[in-house]
Every structure is written in structure tokens, then in C-alpha cells.
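There is one chain below, alone, in C-alpha cells, taken in the form predicted alone.
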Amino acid sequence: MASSSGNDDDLTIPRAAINKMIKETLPNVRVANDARELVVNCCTEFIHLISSEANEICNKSEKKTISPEHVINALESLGFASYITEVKDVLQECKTVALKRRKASSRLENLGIPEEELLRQQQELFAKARQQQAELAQQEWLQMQQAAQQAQMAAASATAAQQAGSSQDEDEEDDI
């Protein structure tokens, strides 16, 4: 079945995926590059055929989303009924894996700690962080106070030295 649009070259299965499937299915068989290319094209055409038929079935049932049932009906109407049992098994396996992933992604449930306890721990951590922040601010304030006192002492010392220097100058002028 030839493709009707020129942009169908962009819609192919990645060759790496096909090569991996071939190696897993036929580990001890060498497959020529032409044969690999043919398998890619056949897979792509098969997907186009099934998805187009599933889309037509979906439209006839006035639905907007192609469901697994539409794909299964497409397989049957195109003469691939012998694959339906295996397709249903794979579909069930995919649903099971998806369910496990959803459950695994819920960290809260996997911790085994009640939500109230987690909330209490969170509040504890916030309080601890606020305390640390207050201590840091207190330390910074004390450092600023010490720096200000040192600056005042240095200024007073400089003023005293200046006064001492000016009184010594006066004494020297008196001596002259």
C-alpha cells in the first residue's frame, strides 16, 4: 500500500527500535540492511493501516478518541483476528504496568507514615529553620554592634591622639 502524502517519510519507526527487536527475536541470525529497511517500512505501513481503520471505527461510533476496543475491532475487520487474543493479553499487561507505576509514583503512600505525622514533621522542620534563621540574624546583629563599638573606640582613640598631639604642639610653641 503506497503512501499518499510526501511527508510520510517523517512518520517511521526508529530503526534502532526495529534493530533491537530483530536481535531479540532472532539472536543468531544475520539480517541484511535491505531486509531491516523492509521490516521498518512494513511496520510503519501496518501501523498506518490499523490506525486509519481504528480511526474510521472511532468516527462511526461518534467518539473523538481512539480506544483499545477500536484498535481490536480494526484488527478484526482487516483480517487479523488471529492476533486479537495476544493483543488483549498485551493490553492487560500494559494496564497492569501503568497501574504499578502510578502506585509507585505516589511517595506519600509508599512512606507508610500517616499524613498527620508528615504534617507535624514538616511544621517541626519549619520551626527549626525559623529558629536557625533568628540565631543567624542575632549573630549578625551582634557582629554589627561589635564593629560599631570598635569604630567608636577607634574614633575616640584617634580624637584623643589628635588632642594629645595638638596639646604637645602648644607646649612646643610655648617653649619657643
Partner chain sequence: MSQNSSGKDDQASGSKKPISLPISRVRLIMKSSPDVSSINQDALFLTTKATELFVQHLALSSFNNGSGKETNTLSYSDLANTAQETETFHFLTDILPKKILAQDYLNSLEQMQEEEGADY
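Whichever C-alpha set is largest while still superposing within 1.5 Å between the two forms counts as the rigid core. Positions refer to the first chain, counted from 1. Here the structure is a predicted model, which means the values were calculated and not measured.
Here the subject shifts to the form predicted together with its partner chain, a form of this protein not shown in this document.
K.L.:
Taking its partner chain in the predicted complex as the reference, which of Leu26, Leu125, Leu118, Leu136 has a non-hydrogen atom within 4.5 Å?
P.N.:
Only one listed residue qualifies here, and that residue is Leu26.
K.L.:
My question is simply whether Arg130 lines the interface with its partner chain in the predicted complex - judged by any non-hydrogen atom within 4.5 Å.
P.N.:
Contact check for Arg130: no, nothing within 4.5 Å of its partner chain in the predicted complex.
K.L.:
Taking its partner chain as it sits in the predicted complex, is Lys88 near enough to touch it, meaning that at least one heavy atom pair lies within 4.5 angstroms?
P.N.:
Close contact exists here: in the predicted complex, Lys88 approaches its partner chain to within 4.5 Å, heavy atoms only.
K.L.:
May I ask you to state whether Leu49 is within 4.5 Å of its partner chain in the predicted complex, using heavy atom distances?
P.N.:
Close contact exists here: in the predicted complex, Leu49 approaches its partner chain to within 4.5 Å, heavy atoms only.
K.L.:
Would Met21 count as a contact of its partner chain in the predicted complex, using a 4.5 angstroms cut-off between non-hydrogen atoms?
P.N.:
Looking in the predicted complex, residue contacts with its partner chain include Met21, since a heavy atom lies within 4.5 Å.
K.L.:
Judged by heavy atom distances of 4.5 Å or less, which residues of 43-71 approach its partner chain in the predicted complex?
P.N.:
Stretch hits, in order: Cys43, Thr44, Glu45, Phe46, Ile47, His48, Leu49, Ile50, Ser51, Ser52, Asn55, Lys64, Thr65, Ile66, Ser67, Pro68, Val71.
K.L.:
Does Leu26 move appreciably between the shown form and the other one, meaning a CA displacement of 2 Å or more on the superposed rigid core?
P.N.:
Indeed, Leu26 is displaced by 2 Å or more.
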